[in-house]
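In structure tokens, the next block holds one chain alone, the form predicted alone.
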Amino acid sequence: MVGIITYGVYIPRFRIRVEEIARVWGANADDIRGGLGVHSKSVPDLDEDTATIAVEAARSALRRRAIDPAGIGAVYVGSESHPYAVKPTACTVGEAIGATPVMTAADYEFACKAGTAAIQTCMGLVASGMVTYGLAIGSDVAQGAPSDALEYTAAAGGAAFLIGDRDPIAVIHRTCSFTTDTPDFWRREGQDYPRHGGRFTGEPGYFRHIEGASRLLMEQTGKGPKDYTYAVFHQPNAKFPQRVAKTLGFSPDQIRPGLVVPSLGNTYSGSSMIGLAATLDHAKPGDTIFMASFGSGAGSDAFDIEVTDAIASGEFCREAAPSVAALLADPIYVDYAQYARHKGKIVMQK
């Protein structure tokens, strides 16, 4: 019964409103906000990056459950914005939480689904008996070029999920993937910002792959939308997950708890995983969760999850770490100049 042993999230407190970005570039804020369904996005502090976000998310996970870090035999960090081109973020996380030196570690990259790919890897390692626990993290300080459409949503945040088979709070009954070579989004080595294929990001990218993985999973499990309490889909904006949920037959009530993008933005590798965490913040024993991530390039990972009695046991304490709602509360709003400095778009001359 491999599943989620504990989980944690970290989101920076700084935010920038869509109106502020639109003001700088002379865009119509109402059109942008209405088109994306996003009104603000998270911004990293000056000393925050993918590694620090991943560490904080992992520490929050371990605060919720007393797990000996020495039993974590695998640490995988999925991101599009690893701080080093050559030096793994996963090693930093492992050292920070006390999981080293006896562990396997690696950084994953598959656009916004690198974190869920890490979950699948950890599931296999646990099921095979190679490790007791595997830590899968999706963390990003997402990039968007100045004035590009991505700049209105590219955010910062991450989620960590400890995978194991010893009294999980949520069992992952099945997972499957749907992957093709669809170049809807890319960033070459040495480039600061990604580029995207515009309209290709929607139909041949996001919708084809999430629908493909979702329908494949429901075919394999013999389940339909009505068999799930909640559903979570990758959130590049608020419109895409609502549209794909409706197409697949899920209701607005099923996706509402995990739909955090309007005030958070798109945290790339952390996007669907933070949505799952927000759903687990509300979940009760017996609840079922359908999740489908998406990563440009392109692929989708779908999961069939069932919450167990362990989520309400004395061994797991949800209140020991901040909920997603708490992390989104009391934001500190910045103007564009502060945002640009925090994001490294402008730097101080030395």
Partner chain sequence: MSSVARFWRKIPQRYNLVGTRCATCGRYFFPPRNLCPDCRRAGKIVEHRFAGTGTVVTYTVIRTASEQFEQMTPYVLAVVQLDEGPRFTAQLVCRPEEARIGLRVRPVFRRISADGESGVIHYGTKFAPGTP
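Residue numbers count along the first chain shown, from 1. Note that this is a predicted model, so its numbers are computed, not measured.
Just so you know, the form predicted together with its partner chain exists too; it's not on screen, but the next bit is about it.
K.L.:
If contact means any heavy atom within 4.5 Å, which of 25-33, 283-291, 38-46, 309-317 contacts its partner chain in the predicted complex?
P.N.:
Contact criterion met by 38-46 only.
K.L.:
Name the single residue among Ala127, Leu216, Ala96, Leu248 that comes within 4.5 Å of its partner chain in the predicted complex, judging by heavy atoms.
P.N.:
After the contact test, the surviving option is Ala96.
K.L.:
Which residue, Thr92, Asn237, Thr229, Gln120, has a heavy atom that falls within 4.5 Å of its partner chain in the predicted complex?
P.N.:
By the 4.5 Å criterion, the partner-contacting residue is Thr92.
K.L.:
If you check in the predicted complex, is Pro83 within 4.5 Å of its partner chain, heavy atoms only?
P.N.:
Yes, contact at 4.5 Å.
K.L.:
Examine Ile305 and determine whether its closest non-hydrogen atom to its partner chain in the predicted complex is within 4.5 angstroms.
P.N.:
Because no heavy atom of Ile305 falls inside 4.5 Å of its partner chain in the predicted complex, the answer is no.
K.L.:
Residue-level question: is Val55 within 4.5 Å of its partner chain in the predicted complex, judged on heavy atoms?
P.N.:
So Val55 counts as contacting its partner chain.
K.L.:
Please check if Ala298 has a heavy atom lying within 4.5 Å of any heavy atom of its partner chain in the predicted complex.
P.N.:
No, no contact at 4.5 Å.
K.L.:
Could you pull out the residues of 3-41 that have any heavy atom within 4.5 Å of its partner chain in the predicted complex?
P.N.:
Heavy-atom contacts within 4.5 Å come from Tyr10 alone.
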